[in-house]
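Single chain ahead, written as structure tokens, the form predicted alone.
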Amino acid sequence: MSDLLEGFLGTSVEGKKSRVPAKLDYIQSATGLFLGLFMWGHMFFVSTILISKDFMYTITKMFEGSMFLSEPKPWIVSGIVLFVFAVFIVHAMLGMRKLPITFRQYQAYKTHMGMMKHDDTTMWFTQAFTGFAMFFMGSAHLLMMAAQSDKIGPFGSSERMYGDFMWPFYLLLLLAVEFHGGIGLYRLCVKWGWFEGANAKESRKNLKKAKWAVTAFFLALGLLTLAAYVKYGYEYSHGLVDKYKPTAQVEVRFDEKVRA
């Protein structure tokens, strides 16, 4: 009976509100922080192609376990991707709770945004829009990487961008990820009081400047990386270069001799 009353009134028979929304907010924040930091690390990983194809190949094989296995195993990458995908789905489902789901709710928010003319309110709309787009594009990308983890590398990734004509998709995904992730991390700092300092208002201004600087940096890095993959894909497709093969490989062997 108490659960029934709480369902209608929003409070228990003792007059206490449920703690579930607060717990869900905490989980949403934790998964968002994980995905935001993962996004930065992932961008640095894929951008290794700007250094050299050999360097990107080495890093790719490292994620496949080349440092501790006799030969790399792409399924390790698939496992990591599926874990990230699970966190991604949890975060997306929790984020949907706060989206306006009726025209009346959307109209109320739009009126509120127009009256307030507050940057944080406007940024929330951008975050919500890009998050909705990422739910589809991010899911497609993660499932593709889980299924084709053996094709991640200088040749496979470049061929996917140009030969499979996936670069427009990844361009849109880049924009959605960087704006959504950057705004999300900024809002986490504001929500939980990280880096607040003695003057909260001044700290928020500095956080906002840092947020846009970080977004601009990762957008520039992402665009350069995407251009590099398209360039290499074009060269492969038109026979200007041969299919990529690592120019140098280091193999370490341990020979043990047993003496009688």
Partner chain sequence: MSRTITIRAMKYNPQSKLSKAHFAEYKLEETDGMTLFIALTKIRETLDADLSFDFVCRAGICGSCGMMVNGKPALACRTLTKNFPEGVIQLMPMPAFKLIKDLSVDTGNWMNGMSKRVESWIHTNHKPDIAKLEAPMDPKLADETFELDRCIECGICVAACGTKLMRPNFIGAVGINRVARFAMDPHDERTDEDYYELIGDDDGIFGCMSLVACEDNCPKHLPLQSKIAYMRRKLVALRDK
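Positions refer to the first chain, counted from 1. Computed from a predicted model, the values in this text were never measured in an experiment.
The next section is about a form of this same protein that is not shown, the form predicted in complex with its partner chain.
> Can any non-hydrogen atom of residue 243 be found within 4.5 angstroms of its partner chain in the model of the complex?
Residue 243: no contact with its partner chain in the model of the complex.
> Mark residue 192 yes when one of its heavy atoms lies within 4.5 Å of a heavy atom of its partner chain in the model of the complex, and no otherwise.
Yes, residue 192 is a contact residue.
> Would residue 55 sit within 4.5 Å of its partner chain in the model of the complex, counting heavy atoms only?
Residue 55 lies outside the contact set for its partner chain.
> Can any non-hydrogen atom of residue 164 be found within 4.5 angstroms of its partner chain in the model of the complex?
No, residue 164 is distant from the partner.
> Tell me, which of 51, 224, 200, 67 has a heavy atom within 4.5 angstroms of its partner chain in the model of the complex?
Only one option qualifies, and that one is 200.
> Taking its partner chain in the model of the complex as the reference, which of 143, 108, 86, 93 has a non-hydrogen atom within 4.5 Å?
By the 4.5 Å criterion, the partner-contacting residue is 108.
> Can you check 156 to 164, 110 to 118, 130 to 138, 169 to 177 and let me know which stretch has heavy atoms within 4.5 Å of its partner chain in the model of the complex?
Correct option: 110 to 118.
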